[in-house]
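Given as structure tokens, the chain that follows is alone and in the form predicted alone.
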């Protein structure tokens, strides 16, 4: 992939020009779907965009020293990493890429979570620290499953290239890995029943408690871009490969939209779980899927 192609993917499609409006749209769909399922009207179509603009116009609490500088830096790093992850998605046929870009995508997807953990502790707020501690425990719990699921998919298809994975026919092991990824997405996106880090009824907004104004707007944008990247990754692995550009885009958007609706339905139908229940769920139940997938994939690889 040359520099021109890389910049086009990062800045135009599926990068910022597509991903930022897509992030606002997904946030609206998630809030609207949950509201309708709970018998409420929900927000208007432009509400996530209006919220973003409103936050940009508000003042940020004055902070001094290295702690204040870090609190300003974390949301910017999170937005940059999430945007980079979206730019790596191989939506268009023959859109470039490189061997091992799947590993880079996984690393970029983990950066926003790490920034959230650091932000809560940097704020020196008891609510922020509790939220960050919960985020750290939750991240360790689901990431074992998430990473093993990705590894099983890559091992079963003998490649760590996203574009190659998107073009190969799906196998039973690949579908098993995709199922494990889907089960991890509610925790990664802070949805019920795994919305422990930002439980408003218990700890206000968790790691975001001390954030306001443009910094909070960046966190909201980062969250939306995480939605685009995470659902886009699953859509890329699950959607059938086509050779026509516009058809590939439509299939990608349709699969991503379906995943958003499914996760919203789960969030509206469930209550928040305690942290110990969440850890047991991922380590004792979902881990079975990932271990089975990676064991089977490695067995088939060594046999061949």
Partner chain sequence: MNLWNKLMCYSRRRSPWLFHMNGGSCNGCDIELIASLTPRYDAEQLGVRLEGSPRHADILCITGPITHNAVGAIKVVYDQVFGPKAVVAIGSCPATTNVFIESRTLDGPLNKHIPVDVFVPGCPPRPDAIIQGVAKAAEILAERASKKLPVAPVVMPLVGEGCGGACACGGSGGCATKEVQA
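Just so you know, these numbers come straight off a predicted model, no measurement behind them. Positions refer to the first chain, counted from 1.
There is also a form predicted together with the partner chain; it is not shown, and the following applies to it.
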Exercise. Let me know the one among 211, 74, 142, 227 whose heavy atoms come within 4.5 Å of the partner chain in the predicted complex, would you?
Key: 211
Quiz item: Out of 42, 245, 68, 258, which one falls within 4.5 Å of the partner chain in the predicted complex, going by heavy atoms?
Solution: 42
Quiz item: Is there a heavy atom of residue 31 no more than 4.5 Å from a heavy atom of the partner chain in the predicted complex?
Solution: yes
Quiz item: So in the predicted complex, does residue 57 come within 4.5 Å of the partner chain, heavy atom to heavy atom?
Solution: yes
Quiz item: So, in the predicted complex, is residue 240 in contact with the partner chain at a 4.5 angstroms heavy atom limit?
Solution: no
Quiz item: Using heavy atoms and a 4.5 Å limit, would one call residue 220 a contact residue for the partner chain in the predicted complex?
Solution: yes
Self-check item: Heavy atom contact within 4.5 Å of the partner chain in the predicted complex, the stretch among 103-111, 157-165, 80-88, 212-220
Solution: 212-220
Quiz item: Hey, which residues along 239-255 are within 4.5 angstroms of the partner chain in the predicted complex, non-hydrogen atoms only?
Solution: none
